[in-house]
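Heads up, the chain below is alone and in the form predicted alone; it's given as structure tokens.
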């Protein structure tokens, strides 16, 4: 067993003399029978009841918050069913337990360490850190991530497990930054899977189905100032024809639209040393004053614009770390289509725009580069990604999402795993059977399976 699996003396169960050669789970059971329940972890008796937005109910019986790796291992090995939870920034029941079931949630927020690699090209990150916390920890080392999601409030491990992304035709989703995953299996054993190993591409975007992720090794780059500008597009009718060129304007580009014929706005983000922004023949013009992605909202929560230089974590996301991101009372959906269909897909959504108005707060279009991760929406394809922030009325949001799904059906959309969707995605992932086999091998007793996984991915 690798050195990093060796447990410290704080957990006597783990370090007990073990002449019988029992596995970790068997040792936990033996200790339980001999001495009664041993619980070297803290338990929250009032677990979270909803997602971050308040629009998705959770049904956990309790929530565990282990204080270290040994405590987590003991908890997992002694549990028949368990679901890992992060910052709960999901808009479906992916993290949830079945209603009425005695299933606990487990938070790894206490696992917040950072280790910088000797060559300064990678860092080891505790699974409890958010991207905002990681940025603070990286700052003294002069290091940064290549890309970030729209908001830095997300738990790093949760963002990776769901293939959450930023934007950029040459930039992959956040899971592509991973070079190694450490996780606790249902047995309580710790495994590390590294880039290039046979199981790696199936493990990174794991949706919490394989085990509890405890640490990640991530690629990093030297920190540099970034800038962003917001541009007005006064010709939304021709947006589909110009979409590919607009999405290639900068390192990270987002097009915000209401799909109602009103002017669109384009966020372009760049890093020091990137080519100067060339707006020739784009039809775009810089906007004056700070902007919020959702028209009419106060931009005080947003990261600085107007080309003002600043740290990567305060420019790549749309929202500032210390403020409420987006609206809060909302439902989100997102659908990824092959980039070659970007123009036609945009036309299809625009054609149903009037049916979305009652539910839509804003829509965002981005690009994400292809990868080889089995359950990534970008598996084998660069995508044009259509994101929708709906009102908090879940009935209206569901109806609107179904309209979009039907409009995009000819382009084989893949949804964001953490957003609201109703699509049958089982034929959209060529390596899904391989993922099922990996799950069966790592979690044969289905400790981490929940109704969402059975319904969406694993049934059939």
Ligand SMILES: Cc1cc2nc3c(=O)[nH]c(=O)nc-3n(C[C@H](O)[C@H](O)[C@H](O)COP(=O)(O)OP(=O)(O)OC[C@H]3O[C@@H](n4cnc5c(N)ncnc54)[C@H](O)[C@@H]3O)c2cc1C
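Numbering follows the first chain given and starts at 1. What you see is a predicted model, and the numbers here were worked out from it, not measured in a lab.
The discussion below concerns the form predicted in complex with the ligand, not included here.
Exactly one listed residue, out of 231, 247, 94, 190, brings a non-hydrogen atom to within 4.5 Å of the ligand in the predicted bound form: 94. Of the residues given (345, 375, 367, 108), 108 alone sits with a heavy atom within 4.5 Å of the ligand in the predicted bound form.
Residue contact with the ligand in the predicted bound form: residue 52 places a heavy atom within 4.5 Å of it.
When contacts are judged by a 4.5 Å heavy atom cut-off, residue 79 does not count as touching the ligand in the predicted bound form. When contacts are judged by a 4.5 Å heavy atom cut-off, residue 164 counts as touching the ligand in the predicted bound form. Put simply, residue 168 is far from the ligand in the predicted bound form: not one heavy atom of it is within 4.5 Å. Residues with any non-hydrogen atom within 4.5 angstroms of the ligand in the predicted bound form fall in just one of 279-287, 331-339, 231-239, 260-268: 331-339.
Residues from 76-97 that approach the ligand in the predicted bound form with a non-hydrogen atom closer than or equal to 4.5 Å are 83, 84, 85, 86, 87, 88, 89, 90, 91, 94, 95, in the order they occur in the chain.
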